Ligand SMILES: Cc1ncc(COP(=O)(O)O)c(C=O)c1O
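The form predicted alone is given below as one chain in structure tokens.
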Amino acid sequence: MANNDIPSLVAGPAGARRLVEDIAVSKIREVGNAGMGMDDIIALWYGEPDQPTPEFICQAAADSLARGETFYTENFGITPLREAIADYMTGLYQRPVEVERIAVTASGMSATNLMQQVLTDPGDNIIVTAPIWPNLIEAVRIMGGEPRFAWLRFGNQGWNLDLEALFAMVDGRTRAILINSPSNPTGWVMSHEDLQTVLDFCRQRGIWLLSDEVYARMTYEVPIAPSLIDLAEPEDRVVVVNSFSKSWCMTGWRLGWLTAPVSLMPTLEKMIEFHYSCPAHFSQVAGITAVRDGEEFVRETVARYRQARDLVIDRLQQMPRIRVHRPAGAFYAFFAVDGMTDSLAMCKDVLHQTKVGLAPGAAFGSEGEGYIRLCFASTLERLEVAMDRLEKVFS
């Protein structure tokens, strides 16, 4: 049979899968690229802590390298790290988390991609709380799935989710509900009560519940965000994704983990082998030190971000064109700008006028249009300068 007789080989102009070629370029990256090389930039566009990884974590990795720990490890990660994570989560939630349920991943994003590869067939749909980080949306589309958006609504009390509207979107092709709490970009934090309601619904329907909890430690009203770890039974169809990136300033280490039912682990192990085989050994050794010795650093970081949040929100609320709510979690201000119809063009314009880099709300889904995201994981001094510059545009 000739190649042109096989529909699966009819691809896009570059010869790749049409679906993949058609993925849009990240609008956040588009603004970032426009600002690369500019002098005096205050870059608040990416979701990244401003601090380097603390020295005590780096030293653990350096010691590992010095010992020659540069070879492949187990697919699920080295046992000492899995044990450290299980102990860490058991301590946080005061509920046993078995090491057999932990898989170390090469980043939180890898964990998300793994779950889409495991669960999503072409034509399936995943219900997604939104606005949401665009990478989570595209992970669904890459597998041929359909993301369906359960939109948070902005009101006088901040961001809220209509659970009945979410449940009404579920049909016979729904494979999972994906929740991101604390939310990137809104800072919304889902309550224990609502998490329980969604969990009960998923149990009744036999569908999966995926929870992106990478900002679980970045909370300002409570010590830690409500989690499905608190509520789900070990064999529930629940997967919780976590990352080392935010809590311990380890974005470049590409290290995360997921907590899943034991029954799913053999399938995950196969997928990890064919996806990236294993995370780097020395990164995993650094991860052990982070979860075991990093509590003081996490507390100090959250305290610093709380001050940064309050500075940014207080200043933004004084600008006549802006509507914004004080976020309960994560490290973003997601604010509406009166009269703005093209957030990408606005962010580029603000960049050239003020040299402050922001992320367009349209990157986070269609109803994110009209909003802009600002990452406040920065020093108070830099944020004061940024606010002074933005005031000239938004007042």
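Here the structure is a predicted model, which means the values were calculated and not measured. Just count from 1 along the sequence shown to find any residue number.
There is another form of this protein, the form predicted in complex with the named molecule, and it is not shown here; the text below is about that form.
With the partner left out here, the named molecule still marks one of 147-155, 101-109, 87-95, 68-76 in the predicted bound form; by a 4.5 Å heavy atom cut-off that stretch is 101-109. This chain lacks the partner; the member of 136, 176, 272, 249 within 4.5 angstroms of the named molecule in the predicted bound form by a non-hydrogen atom is 136. Between the named molecule and the residues 254, 306, 325, 237, the one pair within 4.5 Å by heavy atoms in the predicted bound form involves 254. In the predicted bound form, none of the heavy atoms of residue 284 sits within 4.5 Å of a heavy atom of the named molecule. Under a 4.5 angstroms non-hydrogen atom cutoff, the named molecule in the predicted bound form lacks residue 232 among its neighbouring residues. With a 4.5 Å cutoff on heavy atoms, residue 215 counts as touching the named molecule in the predicted bound form. Using a 4.5 angstroms threshold between heavy atoms, residue 186 stays clear of the named molecule in the predicted bound form.
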